[in-house]
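A single chain, nothing else alongside it, follows as structure tokens in the form predicted on its own.
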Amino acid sequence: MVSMKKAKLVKFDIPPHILLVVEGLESAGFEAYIVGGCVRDLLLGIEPKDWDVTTNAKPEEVQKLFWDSVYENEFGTVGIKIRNQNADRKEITEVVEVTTYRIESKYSDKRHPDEVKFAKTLSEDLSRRDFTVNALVLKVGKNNELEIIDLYYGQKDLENKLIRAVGDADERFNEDALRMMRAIRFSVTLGFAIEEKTFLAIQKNANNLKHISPERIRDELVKIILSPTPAQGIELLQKAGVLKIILPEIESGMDVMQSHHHYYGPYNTVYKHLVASLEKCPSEKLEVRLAALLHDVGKPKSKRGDGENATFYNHEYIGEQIVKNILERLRFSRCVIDRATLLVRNHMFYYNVDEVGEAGVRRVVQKIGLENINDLIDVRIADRLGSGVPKAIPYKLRHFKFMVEKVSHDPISVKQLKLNGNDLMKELGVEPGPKIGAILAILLSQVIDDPMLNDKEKLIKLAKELVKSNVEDLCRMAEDKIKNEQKKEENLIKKKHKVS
């Protein structure tokens, strides 16, 4: 351990409300330091999302100094409310968490300390923290000069891009098993490697994750999946022995060979394909990335035959139920479950340019929902690229996107007019019949030329003139004009999607 005197002067912009809290504690005779992930982020040039302060003041002493605070936990953390003094209602803008130095006893359940004891010194408190890069401390000196206190060589690990446990890795992971997933999450979000002894300790203690609540596992998994390198995160989970604990359904595809349609990598397994699909997924949405990772999870159960001729009939429907079970087990929201299972169930949608017409595309849109079409296409792209196909969007997929846009556009029709047949019959005193349709077609053709005419009063005025005219000739001209406009619109959409 490095001496407490080893410190380095630095310059950072610390938010005024954080300095206010630190100064408030120090002016009352207590120690106070900025600690944890915010210090790590400052040193990495990342703007911190959260700020934490640690102190030797007891929670009740902190609350006496800051009356506008809340203390509702067993871990000595007081939330100090920071209010916008310039607002009429003085709304809460920040909550600064101030935690009393503490040491912790045995963790019988691998989640919570059997007993939380408050410590007397900063060094005791830092000894219980998870990783060296999260055990860095900022001391605010006179004139707001800042000193880094680094007891566990966290700065060196930042420079070397390493995630290393503080002290004994086995002890840290036995205190809270979720730290093993946090190590992998920090690895993929920061782009760091996991130090060898720390990784070996994860492999040794992975089974302890069975004691962690599904909600906490879900939160770490989400951060891994939404990271810049989610596929690397899944691979690390697998190598560490964590994946078989939290997502055994994915690991079950490790030895399941696929057919010749999937030729990614040297092993050609369902597992490799799923990881590759997540890696290639073009979307940053959680439910789309989940669907990319899990879209073929039903294949191990549906496989019939061996080798290149193996079949996986109805794997999308089997997979839908498996995905539903996984996401419910991990306590995902109903919205995420519904959208992810919808994408998995429909990822095999069939489309061939010469075989599926507008009616077929409308059926797909109706089944999926227009708002989900682009997400479904992203899953298909991830599936293709995860199979080793070099081209993400082939002609038929571009054509499908063109057809979706075409059928989802309101057609150039009388429905766009600001009046309808009932309005005409009421205003003109005309009985139902072909004449009403003819007048509406003529009105539409005139609105195409001059959109400003699409006003109910103006249209009624025009209709009153038309009702006296030779409607049949005008109607033929109107229909030709409408068809030409529809063709123009279709050509523009084709050009957008590069289809002929």
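So that there is no doubt, residue numbering starts at 1 and follows the sequence shown. Keep in mind the model is a prediction, meaning the values are calculated, not measured.
Keep in mind that the form predicted together with adenosine-5'-triphosphate (ATP) is missing from the display, and what follows is about it.
Taking a 4.5 Å heavy atom cutoff to adenosine-5'-triphosphate (ATP) in the predicted complex, the contact residue among Glu287, Asp130, Asp383, Asp150 is Asp130.
Proximity to adenosine-5'-triphosphate (ATP) in the predicted complex, defined as a heavy atom within 4.5 Å, singles out one entry of Lys401, Lys324, Lys301, Arg182, which is Arg182. None of 243-251, 330-338, 289-297, 185-193 except one has non-hydrogen atoms within 4.5 angstroms of adenosine-5'-triphosphate (ATP) in the predicted complex; the exception is 185-193. adenosine-5'-triphosphate (ATP) is not shown here, but in the predicted complex it comes within 4.5 Å of a heavy atom of Asp50. Remark: Ser227 does not count among the residues lining adenosine-5'-triphosphate (ATP) in the predicted complex, judged by a heavy atom distance of 4.5 Å or less. Interface residue remark: Asp176 is counted as part of the site for adenosine-5'-triphosphate (ATP) in the predicted complex, having a heavy atom within 4.5 Å. When contacts are judged by a 4.5 Å heavy atom cut-off, Asn134 counts as touching adenosine-5'-triphosphate (ATP) in the predicted complex. Residues of 196-235 lying near adenosine-5'-triphosphate (ATP) in the predicted complex, listed in sequence order, are Arg216, Lys223, the criterion being any heavy atom within 4.5 Å.
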